[in-house]
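Below, in structure tokens: the form predicted on its own, a single chain.
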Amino acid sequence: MIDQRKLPHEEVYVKLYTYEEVAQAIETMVIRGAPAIGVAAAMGVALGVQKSKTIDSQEFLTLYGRLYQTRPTAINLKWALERMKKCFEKALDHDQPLSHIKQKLEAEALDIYTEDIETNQKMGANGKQFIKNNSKIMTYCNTGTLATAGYGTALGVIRAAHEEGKKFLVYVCETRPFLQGLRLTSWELYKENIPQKVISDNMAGSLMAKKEVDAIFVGADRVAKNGDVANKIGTYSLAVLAKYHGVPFYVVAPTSTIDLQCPTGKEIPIEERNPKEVTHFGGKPVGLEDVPVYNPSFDVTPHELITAIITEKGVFDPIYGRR
């Protein structure tokens, strides 16, 4: 996988040989993005079983647990791991030889990979109608090929509109503190020759006030049963600004991101990350190191602020249901 920490200036690929290496890659942000994490975790399970000589239920649960704890907010991780677990249990129940179990888990991981790309393309097809010709749109964090198995969620909608021949400008929020917008989304748009302008996060409201933004597209790491959405920290602020200025606010997420066991956004666990992501830049301190830092990686946007949720199965109004 490409090491996302080194983009956009270095395109470095890493090879991972064990499930522990996959877990560390997820934890250290070598790979990030909810769908991509799910795919990586599934492949981590397949790797773990491939390396085993006598896999049993307890050993499987150990590697499952290690991967599960890497990122607590993104539900795609759990969704993919549960698919792998069911595949393993089914093969075990049928008393299949170890070689067959390994083949089945590898095939399941590859299915998750290919299905994610197909899902993203369907979301792009469902969402491109909301991008008008000659419009100006805004996106946040990174929701493209890097955040998925391929094509992208919110950036997939943008890509689909571009492939259709529509002309538009994308405002790319830098996305503090890890700069996924500046480093990753801008890089992807540049590769696709899609017109863009990078802005710092605190410029978004000013642009909306000047009526420079026609629509906003974001991804999601978890969607609660009531339509509340957890996404990269700062998404909530954008949604509030969009509501005030009358700008449509679209969430693009596969149905695997919907957690029906989570009633509302209040129950979504929010991951807190290393304070150095805030106090350091390029490995060098830019703030006082002995000052306390609060660094949640996600926030929750209430469903009342969301215009629509675009999935591979259709477009849904989080208040009134299917459009």
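Remember, predicted model here, so these are calculated numbers, not experimental data. From 1 onward, residues are counted along the sequence shown.
As for the form predicted together with a small molecule, it is not shown, yet the points below apply to it.
Novice: Tell me the stretch among 198 to 206, 237 to 245, 139 to 147, 101 to 109 that has any heavy atom within 4.5 angstroms of the small molecule in the model of the complex.
Specialist: This holds for exactly one stretch, 139 to 147.
Novice: Can you tell me whether T119 touches the small molecule? I mean in the model of the complex, with a 4.5 angstroms heavy atom cut-off.
Specialist: Close contact is absent here: in the model of the complex, T119 is far from the small molecule, nothing within 4.5 Å, heavy atoms only.
Novice: Can V49 be called a contact residue for the small molecule in the model of the complex at 4.5 Å between heavy atoms?
Specialist: It does not: once the small molecule is placed as it appears in the model of the complex, V49 has no heavy atom within 4.5 Å of it.
Novice: Determine whether any heavy atom of A34 comes within 4.5 Å of a heavy atom of the small molecule in the model of the complex, and answer yes or no.
Specialist: So A34 counts as contacting the small molecule.
Novice: With heavy atoms only and a cut-off of 4.5 Å, decide whether M29 touches the small molecule in the model of the complex.
Specialist: Because a heavy atom of M29 falls inside 4.5 Å of the small molecule in the model of the complex, the answer is yes.
Novice: Among A220, L77, V213, A224, which has at least one heavy atom within 4.5 Å of the small molecule in the model of the complex?
Specialist: For this set of options, the contacting one is A220.
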